[in-house]
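This document opens with one chain alone, in structure tokens, the form predicted on its own.
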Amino acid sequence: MTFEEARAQLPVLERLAYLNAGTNGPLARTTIEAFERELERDLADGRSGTGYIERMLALREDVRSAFAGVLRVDPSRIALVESTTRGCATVLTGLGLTAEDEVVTTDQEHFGLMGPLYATGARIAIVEADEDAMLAAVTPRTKLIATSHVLWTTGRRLDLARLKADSGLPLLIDGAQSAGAIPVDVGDIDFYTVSAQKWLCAPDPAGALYVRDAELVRVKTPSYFSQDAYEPTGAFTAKEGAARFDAGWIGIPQLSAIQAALATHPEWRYERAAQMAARCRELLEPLVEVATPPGHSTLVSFRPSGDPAELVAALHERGVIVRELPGRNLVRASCGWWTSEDDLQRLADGVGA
């Protein structure tokens, strides 16, 4: 598939320089067609019967396998959840942390991780988003390191393999800005979340949770899909593997749309996205201070000379879609495999103006 053919799948790009996949990625025609086709079927035939349920269950496994392909892991280690926030909360509640325990995290995390962390009641050690600082914060009380693979603010990529090897602790990783944007090798990482509505261009809500060893975490928020068998008392036999952490019902239209979305990405997606991020940086550096370190991710965050919100609004008027990061004096451009040279030039022209 050529770049032109792949890009043509995403109609929004016909009008806009859409550089905001860090929030929500562009939707493909095939994704919406899959969703609408299943809705029409539901409208005509209803949503019940053995065949309907069997098809839904089969689609869940197809989607599980598709997510496993993104992370290059076995499907048995993937749970279907609606978001990174749900994935983080599933792990943190299941670990049974107490006020006597400690978790190391950074000052650059999204509330999708920080909120569930705070709710555990554990002591949260918040340090600079730097591997040395994080490792230095580890104490005998530390039970977990929880952080992002790619920081949603600056786009810096953390060395997860080093954090795991040098600390020996379990790692909970927010993969919202990495899964689907850069190649991911989970290695010995224990927990890794996926936000599919972002770089994977799926309709929302859609997400996944990788669990290396399901026995390390209790099922504290079971759904019907968590069990193989249950008693009238509510006692249940958990499914094997990460499927025990599945969130609730996902309708066939949504499952079909997620499946279609994950099938739209070309084989060369990571190389192209990295090239576009590098080109974006090259165009912006003469104009603004770029906060993202070179070669770290597909995000390019920069500090404008004026008010960030005003710049984002002005760029929107020009058909350039980027995001302000409130309270951080940053504007963030998200460069995907679909990004063109013209998109980036429109951004640079708008910033320069």
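For every residue, the number given is its place in the sequence shown, counted from 1. Remember, predicted model here, so these are calculated numbers, not experimental data.
Missing here is the form predicted in complex with another copy of the chain; even so, the following discussion is about that form.
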Discussion item. So, residue 197 and another copy of the chain: in the model of the complex, are they within 4.5 Å at any heavy atom pair?
Written reply: yes
Item to complete: Determine whether any heavy atom of residue 74 comes within 4.5 Å of a heavy atom of another copy of the chain in the model of the complex, and answer yes or no.
Response: no
Practice prompt. Give a yes or no for residue 219: in the model of the complex, does one of its heavy atoms lie within 4.5 Å of a heavy atom belonging to another copy of the chain?
Written response: yes
Worksheet item: Hey, in the model of the complex, is residue 82 touching another copy of the chain, heavy atoms inside 4.5 Å?
Response: yes
Worksheet entry | Three-residue site 155, 291 and 319 fully in contact with another copy of the chain in the model of the complex at 4.5 Å by heavy atom | no
Practice prompt. Counting only non-hydrogen atoms, choose the one of 168 to 176, 245 to 253, 131 to 139, 272 to 280 that falls within 4.5 Å of another copy of the chain in the model of the complex.
Written response: 245 to 253
Discussion item. Which residue, 311, 70, 284, 27, is the contact with another copy of the chain in the model of the complex, using a 4.5 Å heavy atom cutoff?
Written reply: 27
Worksheet item: Given that another copy of the chain is left out here, which of 306, 46, 327, 295 has a heavy atom within 4.5 Å of it in the model of the complex?
Response: 46
Response to the item:
In sequence order, the residues of 18 to 42 that place a heavy atom within 4.5 Å of another copy of the chain in the model of the complex are 18, 20, 23, 24, 25, 27, 28, 29, 32, 35, 36, 39, 40, 42
